[in-house]
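Given next, in structure tokens, is a single chain: the form predicted on its own.
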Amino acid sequence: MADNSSRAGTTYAATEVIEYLHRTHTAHDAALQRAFDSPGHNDMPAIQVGTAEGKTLLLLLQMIGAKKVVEVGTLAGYSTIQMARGLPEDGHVWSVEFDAKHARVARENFAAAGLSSRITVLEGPGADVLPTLDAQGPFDAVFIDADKANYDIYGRWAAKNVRKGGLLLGDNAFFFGKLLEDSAPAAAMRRFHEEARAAFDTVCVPTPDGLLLGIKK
């Protein structure tokens, strides 16, 4: 009889298995836990990446020897801290955040983590802020986790500003299961996927809501 535990699209990991794996591979120190818990303590949406996704970002940046990274969508800075920890001492993350309150909370978390010198938070709409970073490039990686209706805009910027062999990472690539809907945001997300495929060698990793991973051609 076939072992159905590896059937595509099926998850068999029970809660206790996930908790064991978190304790084993992605346990938080105080600074990470503070950032992860911050949305709940500051009346912010708890939409940060999960613990496994956060550690994945760190490891991917280490694997390519990244030094210069751009993040679109800071929230409370959990993913930013993970990525900054994946960089060498002279590395830097530029993180773009639309909401001033979120930016303030994130900066407090960066200070608590001892990473303020390695992270710059730029406030404003991503489509307006990203072009101001052109002179800092080319970048080793761009991570997008922001307003879904503008993912195509952010992806185009990344295609122009990521070095060959650098990474494009896009969270919520499944668009909460609405990717194929007939709506403007869903159409923008599909353009993001299709245009990314043209500039990067891509795959959509089946995290809970999908993580697009691309290597610049």
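Position 1 is the first residue in the sequence shown; the rest follow in order. Only a predicted model underlies this, so the values are computations on that prediction, with no experimental measurement involved.
Below, we turn to the form predicted together with a small molecule, even though it does not appear here.
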Quiz item: Can you say which of 179-187, 22-30, 156-164, 48-56 gets within 4.5 Å of the small molecule in the predicted complex, counting heavy atoms only?
Solution: 48-56
Quiz prompt | Contact of Arg85 with the small molecule in the predicted complex (heavy atom, 4.5 Å) | solution = no
Practice problem: May I ask you to state whether Gly91 is within 4.5 Å of the small molecule in the predicted complex, using heavy atom distances? | Solution: no
Self-check item: in the predicted complex, Asp99 touching the small molecule (heavy atom, 4.5 Å)
Solution: yes
Practice problem: Would you please decide whether Gly137 lies within 4.5 angstroms of the small molecule in the predicted complex, comparing each non-hydrogen atom pair? | Solution: no
